[in-house]
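A lone chain, given as structure tokens: the form predicted on its own.
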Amino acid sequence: MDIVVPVKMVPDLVEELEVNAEGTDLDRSVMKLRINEFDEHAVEEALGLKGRHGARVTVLAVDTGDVDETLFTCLAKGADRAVKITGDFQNGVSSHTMAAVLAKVIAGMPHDLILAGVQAADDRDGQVGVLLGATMGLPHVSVVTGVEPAGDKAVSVRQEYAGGLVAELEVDLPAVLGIQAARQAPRYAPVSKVRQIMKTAKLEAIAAPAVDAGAGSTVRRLAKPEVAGRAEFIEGSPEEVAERLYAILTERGLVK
């Protein structure tokens, strides 16, 4: 089985994010990036399938910045191949464009199963996995928490629903799955092993094909939230709290 896992670099939400001078995007010149959390789970699910059943795992990423170490880390964890898609993506790329680029690149390589993160921290107008399935004309299942082979031409997929419900579906291959959580926590690759891989392995580079996908939506203005008020803590007995709440709601015309 050939498994392809597209991974994406997203802003590290632990860091302080700044808006650019034009007010149209984050300031990417000072932004620290990290691999999308759900993509880490997609990589782990692929490596788990490889360990249990045998598979060839290819990890690829659009070069939006700082992708080399992430791809080498995936190799250190056990991926067989790492591909960097080069192009003018330093200012970010929409989900629609990324899906269109990935679709053309993946079409040129063996792929029985495509595992994508279910979403990303900076998704605005869609999810790459959903769009990738639609673009490639492949079946797609999202919110997946487990994958197992079901014969040579299908996989059995666990899909989560609200309220703790789980469905088990059989999906024909090739297919695209949006991974929410791997069966195991993403494995850790020691820094020493990553550095060794950097010395002995090479990343493949593929120039991004021309696509005309559009953005789906456009940001007109971006700004940090401004403090406009404060929280009021209401203390006292239940009767006093209820009386104060009623007074506040009445003052604001919410009750009569």
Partner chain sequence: MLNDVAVVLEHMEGVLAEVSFEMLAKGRELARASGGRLVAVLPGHGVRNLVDELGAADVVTLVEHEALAHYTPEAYVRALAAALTALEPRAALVASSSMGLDQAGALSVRLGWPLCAYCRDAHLDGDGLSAVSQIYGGKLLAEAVVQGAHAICAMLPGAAQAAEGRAPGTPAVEMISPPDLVALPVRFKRLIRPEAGDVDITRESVLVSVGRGIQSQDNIPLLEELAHALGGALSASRPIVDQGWLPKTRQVGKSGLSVKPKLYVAVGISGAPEHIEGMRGAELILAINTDPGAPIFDVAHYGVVSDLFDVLPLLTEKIKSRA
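Since the structure is predicted, the reported quantities are computational estimates derived from the model, not experimental observations. Positions refer to the first chain, counted from 1. If you superpose the two forms and keep the largest set of C-alpha atoms that fall within 1.5 Å, you have the rigid core.
The same protein has a further form, the form predicted in complex with the partner chain, not shown here; the description that follows concerns it.
- By the 4.5 Å heavy atom rule, the three marked residues V30, A107 and G108 all fail to count as contacting the partner chain in the predicted bound form.
- In the predicted bound form, the partner chain lies within 4.5 Å of some heavy atom of V171.
- Although the partner is absent here, D68 is not a contact residue: none of its heavy atoms lies within 4.5 angstroms of the partner chain in the predicted bound form.
- Although the partner is absent here, K199 is not a contact residue: none of its heavy atoms lies within 4.5 angstroms of the partner chain in the predicted bound form.
- The shortest heavy atom separation between V83 and the partner chain in the predicted bound form exceeds 4.5 Å.
- A heavy atom within 4.5 Å of the partner chain in the predicted bound form is found for one listed residue only; from A55, L203, L26, V211, this is L26.
- In terms of contact with the partner chain in the predicted bound form, the residue from V93, V147, L113, A181 that brings a heavy atom within 4.5 Å is A181.
- Of the candidate stretches 45-53, 219-227, 59-67, 189-197, only 219-227 has residues with heavy atoms within 4.5 Å of the partner chain in the predicted bound form.
- In the predicted bound form, the residues of 2-39 lying within 4.5 Å of the partner chain by at least one heavy atom are, in order, P11, L13, V14, E15, L17, V19, L26, R28, E37.
- Comparing the forms between the shown form and the other one on their rigid core, the Cα displacement of K199 stays under 2 Å.
- Shown in the overlay between the shown form and the other one, fitted on the rigid core, is a CA shift at E18 smaller than 2 Å.
- Annotation: Cα of D212 displaced by less than 2 Å between the shown form and the other one, core superposition.
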